Structure formats: structure tokens, C-alpha cells
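Below you'll find only one chain, the form predicted on its own, shown as C-alpha cells.
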């Protein structure tokens, strides 16, 4: 004797057709090619295995300071930036060279900028910021680029830039977060682009004859505006 409940539970041909019509059509499976995984190129591989060099001349008045500060210059360049450095005594210049384990292509140029900044007269502790921070620059100009001065007029302009005991120079440095070197009639500035512009404007005003008090008040307004922007 057949069980009627078993017949009713079994799906009929019509049920199967309606189920197939109701089910959404299957999308054909698309096989994508596996994403290639390239290892990052090393510095010496980017330049086709060629060793890159930089040579920085040592002016006569910076020879003795370079001797005294050699270890402070050598250590961050060789240990941190992985760049070979040597002093060529015959040619009187510092020579830099990439190594196979140099991590970044820009390390060589950063080291060259660091050594060049030291040659211009910046302290090692200030110049080493060029290795550790991006967007720092060194800019130089001469007093005669702003105004043609000779004799005592030039001496007085240099005196106005420094101030009594270097007070004016330090005030500009601290308010603009830059470092300034006044080497005779040449002025070198180290800092970010915007800060160098503010410091340069203040120095130019002093060269043109503005009193220090007027430059200070203008500097205060500009630096407060810069602080608000950032």
C-alpha cells in the first residue's frame, strides 16, 4: 500500500520549472589574472646599478671647523643615510657616494645639501635638519642685490642686520623659525619656503634703512598671521 503523503511531498515537473524560472540567472564567473607583486627597487637598482657621486668644495675658512666637527657630520651620513663619505685632502673637498644598501634615492642629495649648509657657516645641529625633514631649503643673497652700498654704509647695514650682540638676527631667527648666517656681505638662510620669505623681507627692510623697532612690529604681525594659517 502506497503512502499518499510521500506522493504529495515529492516535487512535480511543474514545480521544478517554476523554481527554475524564479531563480536569478547565474553570472558567468570571470577569472582575473593574479596581481603581480614587484619588490621595491633599491637606490642602486633605480640608477641601473651605477654609483652616484656628489663633491662639495671646502672653503679655506671652513677647513678647521670641518676637522673639529668631522665625526658629527660623518655619523648621520654614514650610519643613518647609508652614504659613503670621505675627505679628499688633495682636492680639498668632501666626496659622497651611494652604496648598495642606500635605502632612498634622495639620500645622496640630502647629504650633499647638509654638507653644503655646513660649508656656508651653519652649525651641525641646525644643518642636520636637512637630513631629517623635507621641504627645508637654503637660500643665499648679497646686500648689493638689495641696495648698492659701499664703505661705511655697507658696514652700518651689516651692523643693522646683526644688532647689538646679534640681538636683531636672533629675534628674526626665533620669530620666523629660520637660521641666518651673515658672512660679510653675503646672507644665508635655512628654513621652510614661507619662513625664509618672511625672514628675507625683514632683512631687506633693515638693509634699506628701516629702524629695528619698525621691523619688529611688522614681523610680529606677519608671524601671528602665519601661526593662524597653520
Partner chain sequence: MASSANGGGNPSGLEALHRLASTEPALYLTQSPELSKSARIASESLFAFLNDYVPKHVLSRLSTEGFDAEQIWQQIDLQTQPLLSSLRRQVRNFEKNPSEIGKQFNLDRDGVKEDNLRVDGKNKETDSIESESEDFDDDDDDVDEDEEEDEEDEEEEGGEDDDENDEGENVKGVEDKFLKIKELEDYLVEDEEREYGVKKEKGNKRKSGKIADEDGEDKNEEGDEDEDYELGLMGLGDDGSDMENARYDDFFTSQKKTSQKKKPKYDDESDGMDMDEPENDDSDQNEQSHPTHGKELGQLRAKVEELEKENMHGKTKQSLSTHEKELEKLRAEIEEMERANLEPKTWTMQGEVSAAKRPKNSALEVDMDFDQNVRPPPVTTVEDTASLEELIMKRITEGQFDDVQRAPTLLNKAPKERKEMDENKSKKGLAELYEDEYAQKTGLVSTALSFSDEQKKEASMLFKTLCLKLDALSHFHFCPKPVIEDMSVQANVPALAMEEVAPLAVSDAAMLAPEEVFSGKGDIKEETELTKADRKRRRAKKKRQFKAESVKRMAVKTQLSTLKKHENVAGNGES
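Quantities reported herein were computed from a predicted structural model and do not represent experimental measurements. Numbering follows the first chain given and starts at 1.
From this point on, the text means the form predicted together with the partner chain, which you will not see here.
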Per contact check vs the partner chain in the predicted bound form (non-hydrogen atom within 4.5 angstroms), the hit among 149-157, 100-108, 70-78, 123-131 is 123-131
Contact with the partner chain in the predicted bound form, heavy atom within 4.5 Å, among 61, 167, 186, 55 goes to 167
### residue 207: touches the partner chain in the predicted bound form, heavy atom cutoff 4.5 angstroms
no
Would residue 143 count as touching the partner chain in the predicted bound form under a 4.5 Å heavy atom rule? no
- Item | residue 203: touches the partner chain in the predicted bound form, heavy atom cutoff 4.5 angstroms | no
Requested in this report: Although the partner chain is absent from this view, report whether residue 174 comes within 4.5 Å of it in the predicted bound form, heavy atoms only.
Outcome: yes
Applying a 4.5 angstroms cut-off on non-hydrogen atoms, the residues of 146-163 near the partner chain in the predicted bound form are none
